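One chain follows as structure tokens, the form predicted alone.
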Amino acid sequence: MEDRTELDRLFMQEALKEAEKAYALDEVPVGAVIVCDGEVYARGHNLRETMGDPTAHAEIIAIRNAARKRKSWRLHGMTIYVTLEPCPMCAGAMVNSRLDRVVFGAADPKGGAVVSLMNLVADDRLNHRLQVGGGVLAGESQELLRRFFRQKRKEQPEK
């Protein structure tokens, strides 16, 4: 059997495919996949602009898809892979959905709620905690975000 590091890389590549879908829609390129029993169970990518919904983050979309498929809000036995460190809203949704583990790509020093600003998913005061893995394919995740925001700056009219 493949070791966890190789599996994490494989599934993060799937999350990056989701991030590319967001990029193609002119959304901030963040993607997520939820894995159960070694298979991709659900997918999601940012759709905030498309849906006009501030909660339409990649993680939330993937969690909703997994819950719908499982017909339960309890996602025990599943791992979420996301290209950017989750924000407080998404980290809270991960705790509330009872995911086992979160693996992220790039850290988010301004908004990350897993390692950067706080560690919401492992807070002892909560009734559920997730295992955390970070930095998986971080360079690829960061480069996609940089490319997106460089393009956005080019599109802005000169002042």
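Heads up: residue numbers just count along the shown sequence, starting at 1. A quick note: this is a predicted structure, and the numbers were derived from the prediction, not measured.
Absent from the display: the form predicted together with another copy of the chain. The rest refers to it.
The contact with another copy of the chain in the predicted bound form, taken as any heavy atom within 4.5 Å, belongs to 126 out of 126, 107, 132, 36. Every residue of the trio 63, 87 and 120 has some heavy atom no more than 4.5 Å from another copy of the chain in the predicted bound form. Under a 4.5 angstroms non-hydrogen atom cutoff, another copy of the chain in the predicted bound form lacks residue 40 among its neighbouring residues. Although the partner is absent here, residue 57 sits close enough that one of its heavy atoms falls within 4.5 Å of another copy of the chain in the predicted bound form. The shortest heavy atom separation between residue 101 and another copy of the chain in the predicted bound form exceeds 4.5 Å.
Under a 4.5 angstroms non-hydrogen atom cutoff, another copy of the chain in the predicted bound form lacks residue 28 among its neighbouring residues. Residues from 18-55 that approach another copy of the chain in the predicted bound form with a non-hydrogen atom closer than or equal to 4.5 Å are 48, 49, 51, 52, 53, 54, 55, in the order they occur in the chain.
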